[in-house]
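Just one chain follows, in the form predicted on its own, and it is written as structure tokens.
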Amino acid sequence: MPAAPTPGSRLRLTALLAPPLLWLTLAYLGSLAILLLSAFWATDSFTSDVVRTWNTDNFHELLTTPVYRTIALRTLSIAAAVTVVDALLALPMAFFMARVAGGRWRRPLLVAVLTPLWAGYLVKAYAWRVMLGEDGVVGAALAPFGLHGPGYGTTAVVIVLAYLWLPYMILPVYAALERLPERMLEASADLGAGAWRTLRSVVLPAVRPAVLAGSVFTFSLSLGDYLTVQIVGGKTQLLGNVIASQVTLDLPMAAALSAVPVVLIVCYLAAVRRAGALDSL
């Protein structure tokens, strides 16, 4: 049995963890609390100054104005679509890396997955803007088939966000598949299961927590993104860029809008926690 911690070791552990926990409490939770508190303030319509009077007008407007509901639902649907696309792409890619590729190819494939993370966010987003443009690579590749590219809009936002966050889905799925015992696959084959039955009954249940863990990143990052929609979204409005535009005009309303993705992410984290996905992070 492991030895019980001594008072001295507890004191050293407390001294080690106290500074980062204090920084987390003050810098993150404190700023989040101030942000949510300011949602109950108002803005002077004449001077645009923040008036620190307690009211719920911002939340009433948020809940009763149809355009805000539409934007919130659009943002939620895009975040969900990006998560589904990344999961569908990550599963075969991670399976090939973990189970098919030999040892000499595994490391180069991992480097290839991680390499896009070394490039700047804006560089990748503007590269996709060029490719999705009217004379871009995507349109040129589809032209021989009588098709045209998606242009700028909701579809382009989903494509670019799925590309940006794909490594965050591949890595946990790859780690789960790498830990999957070979004997489980052999036992499934010995019992007469084909490839699809093994995939449904053995592989997918084993990687489900990892997929949910990856979805925490893809869903939350897509929910709060506001630059991609400005670059390739055309006239599309999402919560992120609406909040960014409101910050200088109506800070309390921007704070009330910010509460929407916070609530959605907290609810999503609570849901995936029940599946044990947070243990895979």
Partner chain sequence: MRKRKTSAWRSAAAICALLLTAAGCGSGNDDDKGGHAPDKLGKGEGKVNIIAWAGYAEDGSNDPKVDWVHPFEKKTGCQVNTKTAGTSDEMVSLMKTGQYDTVSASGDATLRLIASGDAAPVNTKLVPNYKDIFPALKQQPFNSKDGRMYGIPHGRGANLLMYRTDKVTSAPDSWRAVFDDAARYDGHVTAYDSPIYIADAALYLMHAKPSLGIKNPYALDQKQLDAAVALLKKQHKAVGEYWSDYQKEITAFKGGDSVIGTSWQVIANLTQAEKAPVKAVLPKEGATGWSDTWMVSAKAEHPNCAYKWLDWIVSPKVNAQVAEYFGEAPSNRKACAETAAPDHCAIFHADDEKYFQRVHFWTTPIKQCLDGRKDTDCTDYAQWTRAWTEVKG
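A quick note: this is a predicted structure, and the numbers were derived from the prediction, not measured. Residue numbers count along the first chain shown, from 1.
What follows is about the form predicted in complex with its partner chain, which we do not show.
With the partner omitted here, the residue from Phe95, Tyr163, Tyr168, Tyr152 that has a non-hydrogen atom within 4.5 angstroms of its partner chain in the predicted bound form is Tyr152.
Checking 117 to 125, 99 to 107, 132 to 140, 81 to 89 against its partner chain in the predicted bound form, the stretch whose residues place heavy atoms within 4.5 Å of it is 132 to 140. The closest heavy atom approach of Ser220 to its partner chain in the predicted bound form falls outside 4.5 Å. Taking the partner from elsewhere, Arg208 is found to have every heavy atom lying beyond 4.5 Å of its partner chain in the predicted bound form. Residue contact check for Gly234: one or more of its heavy atoms lie within 4.5 Å of its partner chain in the predicted bound form.
Though the partner is left out of this view, Gln230 does reach within 4.5 Å of its partner chain in the predicted bound form, counting heavy atoms only. In the predicted bound form, the residues of 31 to 57 lying within 4.5 Å of its partner chain by at least one heavy atom are, in order, Ala42, Thr43, Asp44, Ser45, Phe46, Thr47, Ser48, Asp49, Val51, Thr53, Asn55, Asp57.
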